[in-house]
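First comes one chain, alone, set out as structure tokens in the form predicted alone.
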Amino acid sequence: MDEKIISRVDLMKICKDVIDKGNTLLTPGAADYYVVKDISDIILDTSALPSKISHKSYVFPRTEPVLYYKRSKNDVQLIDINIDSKKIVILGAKPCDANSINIMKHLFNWDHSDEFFNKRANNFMVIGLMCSHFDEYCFCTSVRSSPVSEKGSDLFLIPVDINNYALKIITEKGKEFISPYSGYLKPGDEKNSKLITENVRQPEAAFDSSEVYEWLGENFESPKWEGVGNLCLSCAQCAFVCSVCHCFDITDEDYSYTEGRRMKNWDGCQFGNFTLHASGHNPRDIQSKRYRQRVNHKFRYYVDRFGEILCTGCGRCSRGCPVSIDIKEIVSNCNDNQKEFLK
């Protein structure tokens, strides 16, 4: 790993060049990641809350056409989609967001290689930023991450003073991106940046993910699920703001008798119809079963399949829950049979 020093002024010059070349530059705001039009709008604040919504929709859109079709008397013509190949640079992604694309890649390349996801993911360049914020909802340290984790970043920024950043070059993609701007870079001081990251306040680990994994495997029928199931509204805001939830549905939409399109749309396992069979049977017919599925998928099933926890500890789902369901509290209590889910 190579490390350099770059001034904020020179970093903004790089950002301007990204925009001038017609590429998309994203940075997190209070509500969402937004497309930067003017570099004066960029705020790199390590102490900011995570945006209410992640950048997931830029690599996995909320809704997108998979193909168009035209019917004639004797056949059906299928029309392929031209996937946007524009490069996207994410500036200032917190570690809990930076690694989300890598986590989702497992699913989108499991039994089928999803061309739509992969083409966008390959065009992403992630410039991560050290995080100095945490509140009662953050738990990155419980899911194999930290406020200074470089996982998922191609380049990683550590503020060394008000005007300069340590720039860590993590991947070959990051090295290739920064190479044309080598004139802006100065030799780095790894001892100094290490001292900074070692002194960053971090959330205390709320649970041991391996113990949670074991508890879930042994307590599928636990009555604990009833408490949270009775509160959950099935609104699925937790899935939609999550940086790694990836459930989707495929629907054919007819424009007319002869033309239409096949759409991929976000879905969520908390919806009552998510597992409804054509026969009318629903294996997850009550909310306690659906929330049990959500927790098991994140902390056991995905681990079994891909060796990754399907959660980054960002806390978005809990901050936005209209009935104050806190997944950190629920999972923290999964390995303690004397506690109730909700106090």
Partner chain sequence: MPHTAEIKEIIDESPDTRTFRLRFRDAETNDRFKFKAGQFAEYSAFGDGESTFCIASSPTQRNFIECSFKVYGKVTQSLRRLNKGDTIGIRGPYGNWFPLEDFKEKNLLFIAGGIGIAPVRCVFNNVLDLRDEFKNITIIYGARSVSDLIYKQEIKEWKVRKDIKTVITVDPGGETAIWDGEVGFVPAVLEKIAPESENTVVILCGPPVMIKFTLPVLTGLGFKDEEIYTTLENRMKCGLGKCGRCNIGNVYVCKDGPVFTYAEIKKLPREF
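Whichever C-alpha set is largest while still superposing within 1.5 Å between the two forms counts as the rigid core. All values reported here derive from a predicted model rather than from experimental measurement. Numbering follows the first chain given and starts at 1.
Heads up, the form predicted together with its partner chain isn't pictured, but that's what we're talking about next.
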query: Partner-facing stretch of 153-161, 166-174, 77-85, 94-102, counted where any non-hydrogen atom is within 4.5 angstroms of its partner chain in the model of the complex; finding: 77-85
query: R71, F108 and H112 each touching its partner chain in the model of the complex (heavy atom, 4.5 Å); finding: yes
query: In the model of the complex, the one of D254, E211, E218, E190 near its partner chain [non-hydrogen atom within 4.5 angstroms]; finding: D254
query: Contact label in the model of the complex: Y181 to its partner chain, heavy atom within 4.5 Å; finding: no
query: Contact test in the model of the complex: C247 vs its partner chain, heavy atoms, 4.5 Å; finding: yes
query: Proximity of T46 to its partner chain in the model of the complex, heavy atoms at 4.5 Å; finding: no
query: Heavy atom of H277 within 4.5 Å of its partner chain in the model of the complex; finding: yes
query: Did S182 shift 2 Å or more between this form and the one not shown, C-alpha, core superposed; finding: no
query: Core-superposed comparison between this form and the one not shown, Y255 Cα displacement 2 Å or beyond; finding: yes
